[in-house]
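Just the one chain here, the form predicted on its own, laid out as structure tokens.
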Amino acid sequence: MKVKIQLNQLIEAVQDVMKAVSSRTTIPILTGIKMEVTYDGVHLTGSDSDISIERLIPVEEGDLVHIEVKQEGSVVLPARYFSEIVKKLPNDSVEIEVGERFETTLRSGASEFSLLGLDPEEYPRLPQIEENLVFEIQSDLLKAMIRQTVFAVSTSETRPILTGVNWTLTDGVLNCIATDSHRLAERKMPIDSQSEELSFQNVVIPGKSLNELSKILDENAEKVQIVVTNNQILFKAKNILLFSRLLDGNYPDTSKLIPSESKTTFVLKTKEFLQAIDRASLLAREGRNNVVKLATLDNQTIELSSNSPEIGKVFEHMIAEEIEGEELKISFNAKYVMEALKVMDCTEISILFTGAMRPFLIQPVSDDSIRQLILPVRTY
């Protein structure tokens, strides 16, 4: 194998596939990056067996030539050293040549590195996926969907199914739900699909896989193709394939958790409310539960307060756009509410309460495509 590659292209591709390489794997060859050179380009692959990323550097794009292929071939290179070396090479291109027993030479400017490679035949093959269930989403919308749900997945392994985001597709609407049992984030989006009958239930994608996908997607309107099977999901974007295993088990039915009516409703300015909670929680952060209390003072003012016996107290008053219904006193975890507000891409939100000990709902004023449900905290 012998190839000359533009360095900026190689660095970008290596950074993308490195997101799937784990240093803690029990399979030694997975600490490497597989590099395969063909006359259509260079394919790089990284995997930790749960998530695999393949990235193509095409020979040319438009008028730009990225690669000069002198001889086809493949090799597995130690990911950590390979990624460090390519970042620091002096020239704007690098020549990579594989010799006897996969010994690999990298030449750039006055630098020459020799790395001991591994046999690419031992590298696990990427899953072969039957493309029966396929649909598309714009890249920027997919990134937004991930951002608005993935923060609410559980970080505890006691219930592994909750460490993923549950996707269902029915009647042309994709619904994504994440919960850690203290809060829930839901995002709905209509999907353009060729087939009207396209539907699936209980596809639970690990939160980690979605986070890595979000980092490598571009913020543009290009389509990402999504292929779903029984135990794998594949995302195909420009020059990138990301495979992820799906989580086993049944996701809990969360539809009954979302209240259908409310006893008290607020309409608030999103940014103002976020900043008020941020200040109100300043003194409560040291405590283990970060609790802020909210009370209605009259039909337009709410009070946010928190106290920490060792530090002091804080009171914040805020004029609501509108308050309807019964008087209310409720306590909640400030971190959960702030994280929910940060992903609301709207200037005004409505909050629906059904009582001091019932979960409350946060959503944009005129839109229920994004909903955040938060469990209050018992304080006496």
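Note that residue numbering follows the sequence shown and begins at 1. Bear in mind the structure is a predicted one, so any value in this text is a computation, not a measurement.
Same protein, other form: the form predicted in complex with another copy of the chain, not shown, and the subject of what follows.
* Which among 171-179, 273-281, 200-208, 219-227 is in contact with another copy of the chain in the predicted bound form, heavy atoms within 4.5 angstroms? -> Stretch with heavy atoms near the partner: 273-281.
* Can Lys238 be called a contact residue for another copy of the chain in the predicted bound form at 4.5 Å between heavy atoms? -> No, Lys238 is distant from the partner.
* To do: Answer for Gly312 alone: is it within 4.5 Å of another copy of the chain in the predicted bound form, judged on heavy atom distances?
  => Heavy-atom contact with another copy of the chain at 4.5 Å: present for Gly312.
* Asked: Is the gap between Ser114 and another copy of the chain in the predicted bound form 4.5 Å or less for some heavy atom pair?
  -> Yes, Ser114 is a contact residue.
* To do: Using a 4.5 Å heavy atom cut-off, state whether Pro124 contacts another copy of the chain in the predicted bound form.
  => So Pro124 does not count as contacting another copy of the chain.
* Go through Gly99, Pro190, Pro160, Pro90 and name the one with a heavy atom inside 4.5 Å of another copy of the chain in the predicted bound form. => Checked against the cut-off, the match is Pro90.
* Find the only residue in Glu348, Asp48, Glu316, Glu36 having a heavy atom within 4.5 Å of another copy of the chain in the predicted bound form. => Here the answer is residue option Glu316.
* Asked: Within 4.5 Å of another copy of the chain in the predicted bound form: all of His43, Lys293 and Glu339, by heavy atom?
  -> Negative, none of the three is within 4.5 Å.
* Asked: Listed by sequence position, which residues of 80-112 have a non-hydrogen atom within 4.5 angstroms of another copy of the chain in the predicted bound form?
  -> Arg80, Tyr81, Glu84, Ile85, Lys88, Leu89, Pro90, Glu103, Ala110, Ser111, Glu112 sit within 4.5 Å of the partner.
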